[in-house]
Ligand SMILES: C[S@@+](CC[C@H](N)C(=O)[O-])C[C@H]1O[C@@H](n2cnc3c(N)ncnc32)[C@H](O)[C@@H]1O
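Here you get one chain, nothing else, as structure tokens; it is the form predicted on its own.
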């Protein structure tokens, strides 16, 4: 009994930490200004239609939920960090979309089995620490014959490399936690979903990010807006040498990917994967 209580307390603490991380900085500006197309790509890939019941897991500010609602589908946007919902509601209001916003843990969704025709997650569920647990929930709430659609940053792409760059500077992950970019590996996701799905289709695409004067300008902006980067810098804030080293490493990463002329242009690779619930 004591072990169970300890495990529950540890999970609550971990989820509180995750919620706090995504409340840092200005993730709504990232979703709005840098990666707005990803949600539309996912909605098109899964073929969301009017009248379908759709769940967006780890929806953030509704990058996928809002375009799904604009098809006429009945959409629930769920996220562990409800602090993101005001920006999401404003996004929905600007577009005329109507949907429901609900706080929910991707590893313990508060919905009945087979509740949704389509289950989506756009660079969201990949950040749940326990991959199999999260994947099991995606499958559980999707009806037989329904569709699951995911967009995730790839391990080999810019964002995956950014997380590898930050890893030596960040606190060690909790036991059992897996790296988020593994969700961008097709075989990893196939293994998570197993024979509970069929008709798996996966392809890699890239979103182009620009508007930065230099690799250093991207780094300095990212230190202000992106929760995981802010948290990493806070963890080493009392060590100026490590801060300087991470500054160097992130700028060097952006410089290596930069294909711009006169300003920084970066291509961020992601995996689009769709499947049908058996």
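It should be emphasised that the depicted structure is a prediction, and the values quoted were computed from it without experimental measurement. Residue numbers count along the first chain shown, from 1.
FYI, the form predicted together with the named molecule isn't displayed, but the following is about it.
The named molecule: the contacting residue among 76, 84, 162, 197 in the predicted bound form [heavy atom, 4.5 Å]: Here the answer is residue option 84.
Listed residue that, although the named molecule is not shown, lies within 4.5 Å of it in the predicted bound form (heavy atoms), from 99, 139, 104, 182: That would be 104.
Options 213-221, 24-32, 46-54, 249-257; stretch whose heavy atom lies within 4.5 Å of the named molecule in the predicted bound form: In the other structure, the partner sits against 24-32.
4.5 angstroms heavy atom contact with the named molecule in the predicted bound form for residue 88: Because no heavy atom of residue 88 falls inside 4.5 Å of the named molecule in the predicted bound form, the answer is no.
Residue contact check: residue 68 to the named molecule in the predicted bound form, 4.5 Å heavy atom: Contact check for residue 68: no, nothing within 4.5 Å of the named molecule in the predicted bound form.
4.5 Å heavy atom contact, residue 124 to the named molecule in the predicted bound form: Yes, residue 124 is a contact residue.
In the predicted bound form, residue 118 touching the named molecule (heavy atom, 4.5 Å): No, no contact at 4.5 Å.
Members of 46-64 lying within 4.5 angstroms of the named molecule, judged by heavy atom, in the predicted bound form: The stretch touches the partner through 58, 59, 60, 63.
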